[in-house]
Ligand SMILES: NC(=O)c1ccc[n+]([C@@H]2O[C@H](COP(=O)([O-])OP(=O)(O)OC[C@H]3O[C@@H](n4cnc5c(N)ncnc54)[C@H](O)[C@@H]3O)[C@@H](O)[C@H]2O)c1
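Just one chain follows, in the form predicted alone, and it is written as structure tokens.
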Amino acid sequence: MKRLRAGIIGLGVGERHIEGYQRHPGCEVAAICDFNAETLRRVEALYPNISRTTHAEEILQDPSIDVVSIASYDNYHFEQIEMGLKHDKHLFVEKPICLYDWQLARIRELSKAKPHLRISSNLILRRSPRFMQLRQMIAASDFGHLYYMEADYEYGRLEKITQGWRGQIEYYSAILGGAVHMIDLLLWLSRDTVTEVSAWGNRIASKNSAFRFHDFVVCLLKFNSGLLAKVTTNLGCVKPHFHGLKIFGTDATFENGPAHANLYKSRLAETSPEQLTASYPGVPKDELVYNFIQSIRAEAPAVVDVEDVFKTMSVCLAAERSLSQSKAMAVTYY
């Protein structure tokens, strides 16, 4: 099987994708793209044998390129995915893959027409050793029956939304840019289906800035089994970046912490929790890139496959509708 040729659009987090592709013996990075010529020159100096361009369509339309990473600003993802699928590219997309329901429906239509093409997204928390251990414990019924979960995306990087591109594009979503990680994590951990979502938000932390969108959002999720969950995106919190997580079952409770997680198996105050010390987050940002190439070459299943992407995005977009209309929304799955 020939080596796959990859192109990368967007050299923020996209720069990290280069190593993921090049670590795989069945892949090579052929081209990189960024709107900023200085960024292109800097990255080219590190990887001199890779061609460069400031025009994304040159990569998306190049018949010699098999795989494309889309790591551009959120508002460009849909049009680049659409062009990539039309030109027979496997696509690895930074979250979110799109911003609106009609865009997700269109991507689904295009992907169904070309089922041989793979689509994935960089929902990297699935590869955190601590959360992988937690998923195994839930599957083994160590928690009994799950009845409530809390997941908090504590960004802790206010300057990135008040000074960076997030405040300059037409629309930036705290749900699609932050909560998407936690919603995907809960779906993956519980193996359950969300049926209804309610969401509320505010813009207090960034109110004296040019950022025009919600910087805090809270979502309530109702699952098919009766399980309930709360998910927050906290873009302006005064603390370091962290993924807060609590899982409540009839037999045990999990609470994530920076150094270790606590696992409670008793309600007695004098009983100390067990410490879970598997690393967190403990995973490089290019980890899923390597796995994506493995999945294309049929050497391993994708950690985040196309169905996972559409399920997570469907829940997030239902939360977006709830946020804008101030009422509970049933989830429409695409």
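For every residue, the number given is its place in the sequence shown, counted from 1. Model, not experiment: these values are computed from the prediction.
A second form of this protein, the form predicted together with this ligand, is not displayed here; the remarks below concern that form.
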In the predicted complex, does each residue in the set Asp74, Arg166 and His181 place a non-hydrogen atom within 4.5 angstroms of this ligand?
yes
From the candidate stretches 298-306, 272-280, 35-43, 22-30, select the single one in contact with this ligand in the predicted complex, where contact means a heavy atom within 4.5 Å.
35-43
Quick one: of Ile124, Leu104, Ala205, Ile138, which gets a non-hydrogen atom within 4.5 angstroms of this ligand in the predicted complex?
Ile124
May I ask you to check whether Ala319 falls inside a 4.5 Å heavy atom distance of this ligand in the predicted complex?
no
For Lys285, is any heavy atom within 4.5 Å of this ligand in the predicted complex, or not?
yes
Using a 4.5 Å heavy atom cut-off, state whether Gln80 contacts this ligand in the predicted complex.
yes
Does this ligand get within 4.5 angstroms of any non-hydrogen atom of Leu11 in the predicted complex?
yes
Looking at this ligand in the predicted complex, which residues in 80-95 have at least one heavy atom within 4.5 Å of it?
Gln80, Glu94, Lys95
